[in-house]
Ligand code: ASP
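Just one chain is shown here, as C-alpha coordinates, and it is the form predicted on its own.
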(Lines give C-alpha, C1' and ligand atoms only; values in the text may rest on other atoms or scores of the structure.)
Protein backbone atom coordinates (compact mmCIF):
# COMPACT_ATOMS: atom_id res chain seq x y z
CA UNK A 1 0.00 0.00 0.00
CA UNK A 2 1.23 3.48 -0.90
CA UNK A 3 1.99 5.35 2.32
CA UNK A 4 3.37 8.64 1.00
CA UNK A 5 1.38 10.71 3.48
CA UNK A 6 0.39 9.33 6.90
CA UNK A 7 -1.42 10.85 9.86
CA UNK A 8 -0.49 9.00 13.07
CA UNK A 9 -2.52 9.44 16.23
CA UNK A 10 -1.05 8.32 19.57
CA UNK A 11 -3.41 7.63 22.46
CA UNK A 12 -3.09 8.27 26.18
CA UNK A 13 -1.06 5.19 27.09
CA UNK A 14 1.30 5.93 24.19
CA UNK A 15 2.21 9.32 25.72
CA UNK A 16 1.97 8.34 29.39
CA UNK A 17 5.63 9.00 30.26
CA UNK A 18 9.04 9.88 28.84
CA UNK A 19 9.74 6.29 27.86
CA UNK A 20 6.64 6.26 25.67
CA UNK A 21 7.70 9.54 24.03
CA UNK A 22 11.00 7.89 23.07
CA UNK A 23 9.12 4.94 21.53
CA UNK A 24 7.08 7.38 19.45
CA UNK A 25 10.20 9.11 18.17
CA UNK A 26 11.59 5.75 17.01
CA UNK A 27 8.32 5.01 15.23
CA UNK A 28 8.37 8.39 13.50
CA UNK A 29 12.01 8.04 12.52
CA UNK A 30 11.35 4.59 11.05
CA UNK A 31 8.64 5.98 8.76
CA UNK A 32 9.30 9.45 7.29
CA UNK A 33 5.87 9.32 5.66
CA UNK A 34 4.42 9.93 9.17
CA UNK A 35 4.43 13.70 8.76
CA UNK A 36 1.42 14.69 10.86
CA UNK A 37 1.06 13.49 14.45
CA UNK A 38 -2.01 13.80 16.70
CA UNK A 39 -1.71 13.19 20.44
CA UNK A 40 -3.98 12.61 23.41
CA UNK A 41 -3.27 13.65 27.01
CA UNK A 42 -1.10 11.29 29.10
CA UNK A 43 -2.97 8.20 30.24
CA UNK A 44 -2.26 5.70 32.97
CA UNK A 45 1.36 4.65 33.49
CA UNK A 46 0.39 1.63 35.58
CA UNK A 47 -2.76 0.03 37.04
CA UNK A 48 -4.29 2.35 39.60
CA UNK A 49 -2.71 5.46 38.08
CA UNK A 50 -4.91 8.46 37.21
CA UNK A 51 -5.23 9.87 33.69
CA UNK A 52 -4.22 13.51 33.29
CA UNK A 53 -7.65 14.30 31.82
CA UNK A 54 -9.33 12.99 34.97
CA UNK A 55 -7.05 15.12 37.15
CA UNK A 56 -7.93 18.19 35.08
CA UNK A 57 -11.64 17.45 35.42
CA UNK A 58 -11.13 17.28 39.18
CA UNK A 59 -9.31 20.64 39.06
CA UNK A 60 -12.21 22.24 37.24
CA UNK A 61 -14.86 20.77 39.54
CA UNK A 62 -13.03 21.99 42.64
CA UNK A 63 -12.48 25.46 41.16
CA UNK A 64 -16.09 25.74 39.99
CA UNK A 65 -17.38 24.88 43.47
CA UNK A 66 -14.94 27.22 45.22
CA UNK A 67 -12.79 24.46 46.70
CA UNK A 68 -8.97 24.51 46.75
CA UNK A 69 -7.58 22.95 43.57
CA UNK A 70 -3.86 23.76 43.79
CA UNK A 71 -2.84 20.32 45.08
CA UNK A 72 -4.52 18.50 42.19
CA UNK A 73 -3.18 20.99 39.65
CA UNK A 74 0.31 20.36 41.01
CA UNK A 75 -0.16 16.63 40.36
CA UNK A 76 -0.82 17.50 36.71
CA UNK A 77 2.24 19.74 36.60
CA UNK A 78 4.41 16.99 38.04
CA UNK A 79 3.18 14.51 35.43
CA UNK A 80 4.41 16.81 32.69
CA UNK A 81 7.59 17.70 34.59
CA UNK A 82 8.43 14.00 34.86
CA UNK A 83 8.10 13.76 31.07
CA UNK A 84 10.21 16.81 30.25
CA UNK A 85 12.85 15.89 32.84
CA UNK A 86 12.96 12.34 31.49
CA UNK A 87 13.56 13.71 28.00
CA UNK A 88 16.17 16.25 29.19
CA UNK A 89 14.03 19.07 27.83
CA UNK A 90 13.75 22.68 28.92
CA UNK A 91 10.09 23.63 28.62
CA UNK A 92 8.17 26.59 30.16
CA UNK A 93 5.89 24.48 32.35
CA UNK A 94 5.78 27.03 35.17
CA UNK A 95 4.42 29.73 32.88
CA UNK A 96 1.84 27.39 31.35
CA UNK A 97 0.58 26.31 34.76
CA UNK A 98 0.53 29.91 35.99
CA UNK A 99 -1.82 30.75 33.11
CA UNK A 100 -4.00 27.71 33.78
CA UNK A 101 -4.11 28.39 37.52
CA UNK A 102 -5.21 31.99 36.97
CA UNK A 103 -7.96 30.86 34.59
CA UNK A 104 -9.24 28.38 37.18
CA UNK A 105 -9.11 31.03 39.88
CA UNK A 106 -10.91 33.78 37.94
CA UNK A 107 -13.39 32.10 35.60
CA UNK A 108 -13.10 28.30 35.38
CA UNK A 109 -14.29 26.80 32.09
CA UNK A 110 -14.56 23.04 31.87
CA UNK A 111 -13.62 22.51 28.23
CA UNK A 112 -10.66 24.90 28.37
CA UNK A 113 -9.32 23.26 31.53
CA UNK A 114 -9.73 19.69 30.29
CA UNK A 115 -8.16 20.51 26.91
CA UNK A 116 -4.85 21.56 28.47
CA UNK A 117 -3.74 17.94 28.73
CA UNK A 118 -3.70 17.53 24.95
CA UNK A 119 -2.38 21.06 24.45
CA UNK A 120 0.68 20.54 26.65
CA UNK A 121 1.35 17.02 25.35
CA UNK A 122 1.35 18.31 21.77
CA UNK A 123 3.58 21.28 22.65
CA UNK A 124 6.11 18.99 24.32
CA UNK A 125 5.93 16.36 21.58
CA UNK A 126 6.42 18.95 18.83
CA UNK A 127 9.52 20.34 20.50
CA UNK A 128 10.87 16.86 21.21
CA UNK A 129 10.45 15.74 17.59
CA UNK A 130 11.46 19.07 16.04
CA UNK A 131 8.01 19.40 14.40
CA UNK A 132 5.71 22.42 14.15
CA UNK A 133 3.04 22.65 16.85
CA UNK A 134 -0.52 23.18 15.56
CA UNK A 135 -3.14 24.28 18.07
CA UNK A 136 -6.55 22.88 17.00
CA UNK A 137 -8.11 26.08 18.36
CA UNK A 138 -6.88 27.53 15.05
CA UNK A 139 -8.41 24.94 12.76
CA UNK A 140 -10.94 22.60 14.44
CA UNK A 141 -14.10 24.69 14.14
CA UNK A 142 -17.01 24.45 16.54
CA UNK A 143 -20.28 26.35 16.57
CA UNK A 144 -21.18 28.31 19.69
CA UNK A 145 -23.49 25.49 20.79
CA UNK A 146 -20.55 23.05 20.82
CA UNK A 147 -21.38 21.27 17.56
CA UNK A 148 -18.50 20.58 15.18
CA UNK A 149 -18.56 22.41 11.84
CA UNK A 150 -17.01 19.56 9.86
CA UNK A 151 -16.90 21.31 6.47
CA UNK A 152 -15.17 24.41 7.82
CA UNK A 153 -12.82 22.23 9.86
CA UNK A 154 -11.67 20.31 6.78
CA UNK A 155 -10.98 23.55 4.91
CA UNK A 156 -9.13 25.26 7.76
CA UNK A 157 -7.16 22.12 8.70
CA UNK A 158 -6.09 21.66 5.09
CA UNK A 159 -4.98 25.28 4.86
CA UNK A 160 -3.12 24.99 8.18
CA UNK A 161 -1.38 21.65 7.60
CA UNK A 162 -0.49 21.36 3.93
CA UNK A 163 2.10 24.19 3.95
CA UNK A 164 3.94 22.39 6.78
CA UNK A 165 6.48 19.65 6.30
CA UNK A 166 5.83 18.03 9.69
CA UNK A 167 3.47 18.93 12.53
CA UNK A 168 2.05 17.77 15.85
CA UNK A 169 -1.63 18.55 16.44
CA UNK A 170 -3.31 18.42 19.83
CA UNK A 171 -6.32 16.12 19.82
CA UNK A 172 -9.71 16.31 21.50
CA UNK A 173 -10.58 20.02 21.20
CA UNK A 174 -11.13 23.03 18.97
CA UNK A 175 -12.71 26.46 19.27
CA UNK A 176 -15.66 28.52 18.03
CA UNK A 177 -15.51 31.84 16.17
CA UNK A 178 -15.18 33.71 19.47
CA UNK A 179 -12.14 31.65 20.42
CA UNK A 180 -13.90 29.70 23.16
CA UNK A 181 -12.56 26.17 23.58
CA UNK A 182 -14.87 23.20 22.98
CA UNK A 183 -14.01 19.53 23.42
CA UNK A 184 -15.26 16.35 21.83
CA UNK A 185 -16.56 13.60 24.09
CA UNK A 186 -13.98 11.28 25.64
CA UNK A 187 -11.97 9.51 22.97
CA UNK A 188 -12.26 12.57 20.76
CA UNK A 189 -8.58 12.64 19.81
CA UNK A 190 -9.47 9.82 17.40
CA UNK A 191 -11.86 12.24 15.71
CA UNK A 192 -9.16 14.92 15.44
CA UNK A 193 -6.84 12.39 13.81
CA UNK A 194 -9.49 11.30 11.34
CA UNK A 195 -10.38 14.90 10.49
CA UNK A 196 -6.71 15.68 9.85
CA UNK A 197 -6.34 12.63 7.61
CA UNK A 198 -9.41 13.67 5.62
CA UNK A 199 -8.35 17.31 5.40
CA UNK A 200 -4.97 16.53 3.83
CA UNK A 201 -6.27 13.46 1.94
CA UNK A 202 -3.77 11.18 3.64
CA UNK A 203 -2.92 7.78 2.20
CA UNK A 204 -3.26 6.18 5.64
CA UNK A 205 -4.50 7.03 9.13
CA UNK A 206 -2.62 5.16 11.87
CA UNK A 207 -4.15 4.88 15.33
CA UNK A 208 -1.47 3.85 17.84
CA UNK A 209 -2.60 2.43 21.16
CA UNK A 210 -1.56 -0.24 23.70
CA UNK A 211 -2.90 -3.32 21.89
CA UNK A 212 -1.97 -4.83 18.53
CA UNK A 213 -5.22 -4.16 16.72
CA UNK A 214 -8.68 -5.57 17.15
CA UNK A 215 -9.68 -9.02 18.30
CA UNK A 216 -12.64 -11.14 17.26
CA UNK A 217 -13.98 -10.92 20.83
CA UNK A 218 -13.35 -9.03 24.05
CA UNK A 219 -10.12 -10.40 25.67
CA UNK A 220 -11.70 -9.76 29.05
CA UNK A 221 -14.36 -12.36 28.20
CA UNK A 222 -12.64 -14.75 25.77
CA UNK A 223 -9.14 -15.92 26.58
CA UNK A 224 -6.62 -15.20 23.79
CA UNK A 225 -9.16 -14.33 21.09
CA UNK A 226 -8.03 -14.38 17.46
CA UNK A 227 -6.64 -11.12 16.08
CA UNK A 228 -8.39 -9.58 13.08
CA UNK A 229 -5.99 -8.57 10.29
CA UNK A 230 -8.58 -6.83 8.11
CA UNK A 231 -11.98 -5.38 8.84
CA UNK A 232 -14.44 -3.16 6.98
CA UNK A 233 -15.41 0.34 8.11
CA UNK A 234 -18.97 -0.86 8.67
CA UNK A 235 -17.87 -3.71 10.90
CA UNK A 236 -15.59 -1.48 12.96
CA UNK A 237 -18.27 1.18 13.45
CA UNK A 238 -20.67 -1.43 14.77
CA UNK A 239 -18.14 -3.08 17.07
CA UNK A 240 -16.85 0.31 18.31
CA UNK A 241 -20.36 1.48 19.12
CA UNK A 242 -21.03 -1.74 20.99
CA UNK A 243 -18.00 -1.64 23.22
CA UNK A 244 -14.85 -2.40 21.21
CA UNK A 245 -13.30 0.84 22.43
CA UNK A 246 -10.09 1.08 20.40
CA UNK A 247 -11.43 3.73 18.06
CA UNK A 248 -14.22 6.29 18.33
CA UNK A 249 -17.05 5.40 15.93
CA UNK A 250 -17.23 8.98 14.58
CA UNK A 251 -13.57 8.75 13.58
CA UNK A 252 -14.37 5.68 11.51
CA UNK A 253 -17.19 7.53 9.76
CA UNK A 254 -14.99 10.47 8.70
CA UNK A 255 -12.27 8.20 7.32
CA UNK A 256 -14.73 5.92 5.54
CA UNK A 257 -16.32 8.85 3.70
CA UNK A 258 -12.91 9.61 2.14
CA UNK A 259 -11.99 5.90 1.89
CA UNK A 260 -8.81 6.47 3.90
CA UNK A 261 -7.53 3.15 5.33
CA UNK A 262 -7.14 3.01 9.11
CA UNK A 263 -4.38 0.95 10.70
CA UNK A 264 -4.66 0.19 14.44
CA UNK A 265 -1.18 -0.43 15.84
CA UNK A 266 0.59 -1.06 19.16
CA UNK A 267 3.09 1.58 20.28
CA UNK A 268 4.82 -1.01 22.46
CA UNK A 269 5.06 -3.55 19.62
CA UNK A 270 5.52 -1.51 16.46
CA UNK A 271 6.80 -4.53 14.54
CA UNK A 272 3.28 -6.02 14.57
CA UNK A 273 1.01 -5.13 11.65
CA UNK A 274 -2.14 -4.61 13.71
CA UNK A 275 -5.58 -4.37 12.12
CA UNK A 276 -6.21 -2.66 8.78
CA UNK A 277 -9.62 -1.07 8.24
CA UNK A 278 -10.72 -0.60 4.62
CA UNK A 279 -13.92 -0.41 2.60
CA UNK A 280 -13.27 -3.68 0.76
CA UNK A 281 -11.16 -6.54 2.06
CA UNK A 282 -8.17 -7.42 -0.20
CA UNK A 283 -8.37 -10.47 -2.43
CA UNK A 284 -6.91 -13.57 -0.83
CA UNK A 285 -7.65 -12.51 2.74
CA UNK A 286 -9.46 -15.15 4.81
CA UNK A 287 -13.02 -13.99 5.34
CA UNK A 288 -14.83 -15.38 8.36
CA UNK A 289 -18.59 -15.60 8.38
CA UNK A 290 -18.43 -13.70 11.67
CA UNK A 291 -15.70 -11.08 11.86
CA UNK A 292 -16.25 -10.09 15.46
CA UNK A 293 -18.59 -10.02 18.41
CA UNK A 294 -18.89 -7.33 21.10
CA UNK A 295 -21.54 -6.13 23.49
CA UNK A 296 -22.74 -3.96 26.32
CA UNK A 297 -24.48 -4.73 29.56
CA UNK A 298 -26.99 -2.56 31.40
CA UNK A 299 -29.89 -2.54 28.93
CA UNK A 300 -33.66 -2.55 29.31
CA UNK A 301 -36.37 -3.50 26.81
CA UNK A 302 -39.57 -1.47 26.77
CA UNK A 303 -42.56 -2.99 24.95
CA UNK A 304 -45.74 -1.02 24.20
CA UNK A 305 -48.71 -2.91 22.76
CA UNK A 306 -51.80 -1.53 21.03
CA UNK A 307 -54.03 -3.31 18.53
CA UNK A 308 -53.08 -2.41 14.94
CA UNK A 309 -50.33 -0.02 16.02
CA UNK A 310 -49.05 0.13 12.42
CA UNK A 311 -52.38 0.95 10.73
CA UNK A 312 -51.37 4.48 9.72
CA UNK A 313 -52.64 6.20 12.87
CA UNK A 314 -49.24 7.72 13.62
CA UNK A 315 -48.89 5.85 16.91
CA UNK A 316 -45.23 5.04 16.30
CA UNK A 317 -44.37 8.63 15.41
CA UNK A 318 -46.10 9.93 18.53
CA UNK A 319 -44.24 7.39 20.61
CA UNK A 320 -40.87 8.47 19.23
CA UNK A 321 -41.79 12.14 19.73
CA UNK A 322 -42.17 11.45 23.45
CA UNK A 323 -38.60 10.15 23.56
CA UNK A 324 -37.31 13.04 21.45
CA UNK A 325 -38.90 15.69 23.66
CA UNK A 326 -37.39 14.03 26.71
CA UNK A 327 -33.95 13.88 25.05
CA UNK A 328 -34.00 10.15 25.81
CA UNK A 329 -31.96 8.13 23.30
CA UNK A 330 -32.55 4.45 22.56
CA UNK A 331 -30.35 1.79 20.96
CA UNK A 332 -32.90 0.58 18.46
CA UNK A 333 -36.64 0.38 17.83
CA UNK A 334 -38.66 -2.51 16.38
CA UNK A 335 -42.25 -2.08 15.22
CA UNK A 336 -44.72 -4.94 14.83
CA UNK A 337 -48.37 -5.06 13.85
CA UNK A 338 -49.53 -4.59 17.43
CA UNK A 339 -46.36 -3.51 19.29
CA UNK A 340 -43.34 -1.25 19.52
CA UNK A 341 -40.17 -2.51 21.20
CA UNK A 342 -37.34 -0.17 22.25
CA UNK A 343 -33.96 -1.11 23.71
CA UNK A 344 -32.71 1.58 26.11
CA UNK A 345 -29.78 1.97 28.46
CA UNK A 346 -30.96 1.11 31.96
CA UNK A 347 -29.20 4.06 33.61
CA UNK A 348 -30.99 6.52 31.32
CA UNK A 349 -34.38 4.95 31.87
CA UNK A 350 -34.17 4.54 35.65
CA UNK A 351 -34.24 8.29 36.34
CA UNK A 352 -37.48 8.89 34.41
CA UNK A 353 -39.21 5.52 34.23
CA UNK A 354 -42.38 6.34 36.19
CA UNK A 355 -42.92 9.73 34.52
CA UNK A 356 -42.28 8.24 31.07
CA UNK A 357 -44.79 5.43 31.55
CA UNK A 358 -47.40 7.90 32.80
CA UNK A 359 -46.90 10.14 29.76
CA UNK A 360 -47.21 7.18 27.39
CA UNK A 361 -50.47 6.11 29.07
CA UNK A 362 -51.93 9.64 28.94
CA UNK A 363 -51.02 10.40 25.33
CA UNK A 364 -51.22 7.00 23.61
CA UNK A 365 -53.59 4.88 25.74
CA UNK A 366 -51.70 1.60 25.09
CA UNK A 367 -53.21 -1.77 25.80
CA UNK A 368 -50.04 -2.87 27.63
CA UNK A 369 -46.66 -1.51 28.76
CA UNK A 370 -43.98 -4.05 29.64
CA UNK A 371 -40.42 -3.61 30.85
CA UNK A 372 -37.62 -6.19 30.88
CA UNK A 373 -34.46 -5.13 32.72
CA UNK A 374 -30.96 -6.51 33.29
CA UNK A 375 -30.24 -7.32 29.66
CA UNK A 376 -27.13 -7.24 27.49
CA UNK A 377 -26.99 -6.17 23.85
CA UNK A 378 -24.58 -8.15 21.64
CA UNK A 379 -23.44 -7.11 18.15
CA UNK A 380 -22.39 -9.79 15.65
CA UNK A 381 -20.82 -8.53 12.43
CA UNK A 382 -19.47 -10.18 9.30
CA UNK A 383 -19.16 -8.91 5.73
CA UNK A 384 -19.13 -12.46 4.33
CA UNK A 385 -22.69 -13.17 5.38
CA UNK A 386 -24.02 -12.42 1.90
CA UNK A 387 -21.98 -15.40 0.67
CA UNK A 388 -23.35 -17.65 3.44
CA UNK A 389 -26.93 -16.79 4.21
CA UNK A 390 -27.14 -19.31 7.05
CA UNK A 391 -24.60 -17.48 9.24
CA UNK A 392 -27.25 -15.61 11.22
CA UNK A 393 -29.26 -18.79 11.68
CA UNK A 394 -26.19 -20.66 12.99
CA UNK A 395 -25.44 -17.89 15.50
CA UNK A 396 -28.96 -18.05 16.89
CA UNK A 397 -28.84 -21.85 16.95
CA UNK A 398 -25.66 -21.76 19.04
CA UNK A 399 -27.33 -19.53 21.61
CA UNK A 400 -30.40 -21.76 21.72
CA UNK A 401 -28.27 -24.89 22.12
CA UNK A 402 -26.63 -23.29 25.19
CA UNK A 403 -30.02 -22.53 26.69
CA UNK A 404 -29.51 -18.76 26.34
CA UNK A 405 -32.78 -16.87 26.06
CA UNK A 406 -32.96 -14.53 23.05
CA UNK A 407 -35.02 -11.57 24.22
CA UNK A 408 -34.71 -9.34 21.12
CA UNK A 409 -33.27 -9.60 17.62
CA UNK A 410 -32.54 -6.81 15.17
CA UNK A 411 -31.05 -7.90 11.85
CA UNK A 412 -29.68 -5.47 9.28
CA UNK A 413 -30.58 -6.06 5.64
CA UNK A 414 -28.07 -7.92 3.49
CA UNK A 415 -24.77 -8.38 5.26
CA UNK A 416 -24.66 -9.96 8.69
CA UNK A 417 -25.23 -7.39 11.38
CA UNK A 418 -27.17 -8.87 14.25
CA UNK A 419 -28.04 -7.08 17.46
CA UNK A 420 -29.17 -9.66 20.00
CA UNK A 421 -30.60 -9.02 23.46
CA UNK A 422 -29.83 -11.69 26.08
CA UNK A 423 -30.13 -11.79 29.89
CA UNK A 424 -27.23 -10.00 31.53
CA UNK A 425 -26.23 -13.03 33.58
CA UNK A 426 -25.72 -15.01 30.34
CA UNK A 427 -23.68 -12.31 28.58
CA UNK A 428 -20.31 -14.09 28.81
CA UNK A 429 -21.88 -17.42 27.82
CA UNK A 430 -23.38 -15.81 24.71
CA UNK A 431 -20.08 -14.17 23.69
CA UNK A 432 -18.27 -17.53 24.05
CA UNK A 433 -20.92 -19.37 22.03
CA UNK A 434 -20.78 -16.90 19.14
CA UNK A 435 -16.98 -16.76 19.19
CA UNK A 436 -16.72 -20.55 19.09
CA UNK A 437 -18.97 -20.59 16.02
CA UNK A 438 -16.72 -17.96 14.45
CA UNK A 439 -13.70 -20.19 15.01
CA UNK A 440 -15.49 -23.22 13.58
CA UNK A 441 -15.96 -24.92 16.93
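Residue numbers count along the first chain shown, from 1. What you see is a predicted model, and the numbers here were worked out from it, not measured in a lab.
There is another form of this protein, the form predicted in complex with the ligand, and it is not shown here; the text below is about that form.
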Using heavy atoms and a 4.5 Å limit, would one call residue 205 a contact residue for the ligand in the predicted bound form?
-> no
Does residue 41 make contact with the ligand in the predicted bound form, using a 4.5 Å heavy atom cut-off?
-> yes
Interface membership of residue 392, the ligand in the predicted bound form, 4.5 Å heavy atom rule = no
Give a yes/no on whether residue 51 approaches the ligand to within 4.5 Å in the predicted bound form, heavy atoms considered.
-> yes
Among 186, 110, 363, 287, which has any heavy atom within 4.5 Å of the ligand in the predicted bound form?
-> 186
Among 126-134, 231-239, 256-264, 186-194, which stretch sits within 4.5 Å of the ligand in the predicted bound form, heavy atoms only?
-> 186-194
Could you run down 146-180 and flag each residue that has a heavy atom within 4.5 Å of the ligand in the predicted bound form?
-> 172
